[in-house]
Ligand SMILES: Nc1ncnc2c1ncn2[C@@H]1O[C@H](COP(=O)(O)OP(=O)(O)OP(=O)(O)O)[C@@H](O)[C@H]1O
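We begin with a single chain expressed as structure tokens, specifically the form predicted on its own.
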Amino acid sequence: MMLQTAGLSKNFGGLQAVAGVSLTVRERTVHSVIGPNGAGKTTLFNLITGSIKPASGTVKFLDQDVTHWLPNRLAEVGLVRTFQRTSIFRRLTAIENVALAIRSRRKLNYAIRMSRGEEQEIRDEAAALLRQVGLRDRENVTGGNLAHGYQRALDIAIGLALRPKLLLMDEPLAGMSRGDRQGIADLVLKLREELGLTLVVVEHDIGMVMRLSDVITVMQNGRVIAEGPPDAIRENPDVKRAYLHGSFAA
């Protein structure tokens, strides 16, 4: 298995944000996590990616216990996350943003001098990643001047620069127009189908989730209330009640 959690729990004071969540993510799938606001989805992501520590439970990545690993160590072995708000450097160009991530992966800081050939190699890799996410003609545009959809694509390219095996995406479609959402959704499928990546996605656009996902986990009040393929989730009575019958018309 690519990722497994067992009995994962986290309390914040008297609030149990995640309560005994067990999750299994198989290789080369898009596995979505959905639920009403406050269901515990982002907290679950934070636990998996080492941003916060669980009160109990375990996280395994490629059969290795990584429960108490820090995010940078997880990234080094291929567990990478993108955030709801893009984490690009707005004053750097697109290609500079991605090149910086490549240097980070190679453990090169700017105090280390490289040959012209090494610099060109990094730039070529960055350009190739930008082409993969649809930014071929925007290499030299600063991050802050990219449209929102292109900023999200750049954020994904930065994640790809770390060479993930598993990419966790926190609301990748948030704040986008319908056209931009469609473009990023198509990119998610491309990452799975052409690059063989495994993706775990938290997303509120239920229509897109139904189209993209191989497996959907539904959370409510910190617990998993259902899991399965899209058709089964759409017809699940517990899920319908959680969403007040309105979100599965698409």
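All residue numbers refer to positions in the sequence shown, first residue = 1. Just so it is clear, the structure is predicted and the values come from calculations on it, not from any experiment.
Form predicted in complex with the ligand: not shown, discussed below.
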Review point. If contact means any heavy atom within 4.5 Å, which of 29-37, 208-216, 62-70, 189-197 contacts the ligand in the predicted complex?
Key: 29-37
Check your understanding: Does any heavy atom of H204 come within 4.5 Å of a heavy atom of the ligand in the predicted complex?
Key -> yes
Exercise for review: Please check if A17 has a heavy atom lying within 4.5 Å of any heavy atom of the ligand in the predicted complex.
Suggested key: yes
Review point. With the partner left out of view, is E171 within 4.5 angstroms of the ligand in the predicted complex by any non-hydrogen atom?
Key: yes
Check your understanding: So in the predicted complex, does T58 come within 4.5 Å of the ligand, heavy atom to heavy atom?
Key -> no
Check your understanding: Along 39-54, which positions have a non-hydrogen atom within 4.5 Å of the ligand in the predicted complex?
Key -> A39, G40, K41, T42, T43
